[in-house]
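The same protein chain appears twice below, in two forms, each given on its own as structure tokens and labelled structure 1 and structure 2.
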Structure 1
Amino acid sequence: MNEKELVLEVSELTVNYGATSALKSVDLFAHKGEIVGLAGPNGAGKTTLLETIAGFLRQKEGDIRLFGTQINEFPVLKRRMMGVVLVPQERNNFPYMTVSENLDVGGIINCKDVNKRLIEEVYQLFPVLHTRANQLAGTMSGGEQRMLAIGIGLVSNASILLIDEPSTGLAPKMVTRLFETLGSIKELTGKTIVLSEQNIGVIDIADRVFGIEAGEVRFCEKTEDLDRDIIRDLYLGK
């Protein structure tokens, strides 16, 4: 893996909300075509980390590099043009637009034909979205909205997709399917995916897992070498 291109590199990142710091000197990296999992209990700082990478929050200290370029002060839009797209944890669709309009907007900066192809692919991955194409996004069930959110992320044709807790609110069966889907997306498109997850199943698809707790990285392991006990300790305490 080491010879692969380093796509995202976060070093010694510190982020504050007012006086309290939510991230303390966090390091993170992702290679091209990898799925990187962020594991950690509630309030660990996963959302904060992803939002800082996407540009919605500003770091107090530390560096974020994308394809080797330092992007510390880049606004959201510029990062998006470089290929970073965030699928937020909540409020992740346009509630008064139909499903198909949501997907259109997701790929708004793509060429028309690229967009069409991507939307077709999303419909194949999530047939529900196809049958619901003309329903308002806000009226769909929680699980369907999750799928739509990921669909928007896929249509955006990002080279680095940041997905915040894709499995919340999904039935266990759906979670397994979702993870399979993400795995196949990686295989098919060679996208880099960073996803935060509370569900332990994430280690089945991730290439690398970063364990985060109380704003600090506790461990960083390739999934092959990962000892399930440390994950358990992370969530349950020693």
Structure 2
Amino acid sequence: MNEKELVLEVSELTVNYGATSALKSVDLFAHKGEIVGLAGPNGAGKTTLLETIAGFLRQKEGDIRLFGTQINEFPVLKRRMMGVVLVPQERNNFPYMTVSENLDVGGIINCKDVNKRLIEEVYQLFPVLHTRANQLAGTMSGGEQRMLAIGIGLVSNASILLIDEPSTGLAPKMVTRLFETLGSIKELTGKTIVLSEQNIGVIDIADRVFGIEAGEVRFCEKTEDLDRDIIRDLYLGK
């Protein structure tokens, strides 16, 4: 499979909340094995965009294509079966189940051998989850729970991970560690990641950044062409 294969293509996407336009003719694309960053302030429309791609919200206008197939009318489960997995900002786990049990549930549609292999890959990427395999998810730190949420997405055998604001509320060292692991996921698995963020560190791991403000895409640039200071001042935090 060509590494430059177009995995996701969003065209002229418009989403309304009542009479208010949350997204206005948004275009977005992501190739296989890329990390695509969505930069923008609170309320810019980043979460709305991810939730619409995953099928939790319906667009008023526009197209969403996965590997060239239009998925506009597909329900969440069908998109999930095709490999579209959303990791929401809020902790996405079962707090009264162990880490191991959470990962098993994440791969519930996989065959046993595939599930075992994917869980082992998650433990390699997040060694702390391996050491906490028998611990209740709800008793772990916020950063560890964020890692588990991403691990659940990986075990689901996603083709594209949509990750919403993973660094929110984390200590700076944990943010650095999390971003490094997301970079490792890209390198080791070849998965496509679309990542909404307000932390400037996203520029260090993303291949391309879309700047979103007031529901519109203001720019799309490869990260090597971005002025870090300008992007931080306009869209991101320190």
Partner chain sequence: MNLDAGITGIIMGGVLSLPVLGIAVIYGMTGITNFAIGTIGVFCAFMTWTFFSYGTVVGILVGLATSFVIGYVIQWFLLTPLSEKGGDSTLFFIVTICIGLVFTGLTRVLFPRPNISLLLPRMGTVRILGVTTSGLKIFAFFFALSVLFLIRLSEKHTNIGKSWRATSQNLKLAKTVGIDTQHVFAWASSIGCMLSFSGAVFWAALYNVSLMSGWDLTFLGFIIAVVGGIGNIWGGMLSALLMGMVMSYSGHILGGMWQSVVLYFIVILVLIISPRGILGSERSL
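Here, rigid core means the biggest group of C-alpha atoms that superpose within 1.5 Å across both forms. Start at 1 and count along the sequence of structure 1; that gives the residue numbers used here. Quick caveat: nothing in here was measured; it's all calculated off a predicted structure.
Visitor: Of these two copies of the chain, point out the form predicted in complex with its partner chain.
Guide: The form predicted in complex with its partner chain is shown as structure 1.
Visitor: Just checking, between structures 1 and 2 and with the core aligned, does residue 72 shift 2 Å or more at the CA?
Guide: No; residue 72 is a residue whose C-alpha shifts by less than 2 Å between structures 1 and 2 when the cores are overlaid.
Visitor: Align on the rigid core first; then say whether the Cα of residue 140 has moved by at least 2 Å between structures 1 and 2.
Guide: True for residue 140: a C-alpha shift of 2 Å or more.
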